[in-house]
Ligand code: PAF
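Shown below, as structure tokens, is a lone chain in the form predicted alone; questions about how it binds or moves come after it.
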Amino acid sequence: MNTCTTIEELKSTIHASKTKGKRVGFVPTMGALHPGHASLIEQAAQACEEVVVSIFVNPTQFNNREDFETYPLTIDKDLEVAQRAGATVVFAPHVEELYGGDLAVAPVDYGRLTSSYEGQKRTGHFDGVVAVVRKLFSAVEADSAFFGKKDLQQLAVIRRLAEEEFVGLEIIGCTLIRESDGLAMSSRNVRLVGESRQTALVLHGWLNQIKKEACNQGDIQTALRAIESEAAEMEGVELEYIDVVNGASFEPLHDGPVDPEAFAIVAAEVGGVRLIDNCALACS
């Protein structure tokens, strides 16, 4: 497995691969790799001969400085996880390599995709996401890029970016991976301590509750309001939003999840740790 820290090194490696006719897959990460990331790398390795994994904690997508400063850094372990999962190239640039000392990023307006839910709660977040992914896409020049569906709104934003600026790049959304008890895997989970780890399971429970209502053609809006009331009474939980949306447009579905792309989405702070989760409402 090759490790590159500069764009020049990376482009040289990718050019050599493409000259040999290899298909290039790309998995962008911020490190602190867990089995969810490994599943993305494994899927990329099944589809592509060259698999590039970027490890870069992007400072421009954190609207909370403390969140950036406390983000876990585990590069040695990350390299082991990436190689074991099938990565052939790791791109681990320094901030200056991507931003050149200028962390100012242009605002992005994709309508509801960037202004609602995560976009509303985390001012400037998607500006930073689009800025860094644009730089990474340009550097890697992949045939396919693999993203987890846990960050469902981010996935929709990235699809829009690719449609507008990277025609021909295939964006593949991969299954959300959960812990054995149902908690969505996240690099933030290590910060859940004591009772907070158990309390965090309530998010998955709420999503399952909404899905049950959807599959039974129940009153989803009433279920949402009941969950909001329940959350308001819980210690250690600060619900930011819970709703039902179209997973591609992030338009709210207030008249019920008849849309085959309907998803329940939730964000909350549990024990001071911000968590997000989602669940497709299509019934088998």
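Numbers for residues come from their place in the sequence shown, where the first is 1. Just so it is clear, the structure is predicted and the values come from calculations on it, not from any experiment.
Keep in mind that the form predicted together with the ligand is not shown, yet the notes after this line are about it.
Within 4.5 Å of the ligand in the predicted complex, a heavy atom is found for not a single one of T199, W206 and N278. Look at 246-254, 29-37, 214-222, 231-239: in the predicted complex, residues with non-hydrogen atoms within 4.5 angstroms of the ligand sit in 29-37. Proximity of E97 to the ligand in the predicted complex: non-hydrogen atoms within 4.5 Å are absent; the residue sits far from the partner. Taking the partner from the other structure, the ligand in the predicted complex has a heavy atom within 4.5 Å of a heavy atom of F147. When the ligand is considered in the predicted complex, V132 lines it closely, a heavy atom lying within 4.5 Å.
Using a 4.5 Å cutoff between non-hydrogen atoms, D151 counts as a contact of the ligand in the predicted complex.
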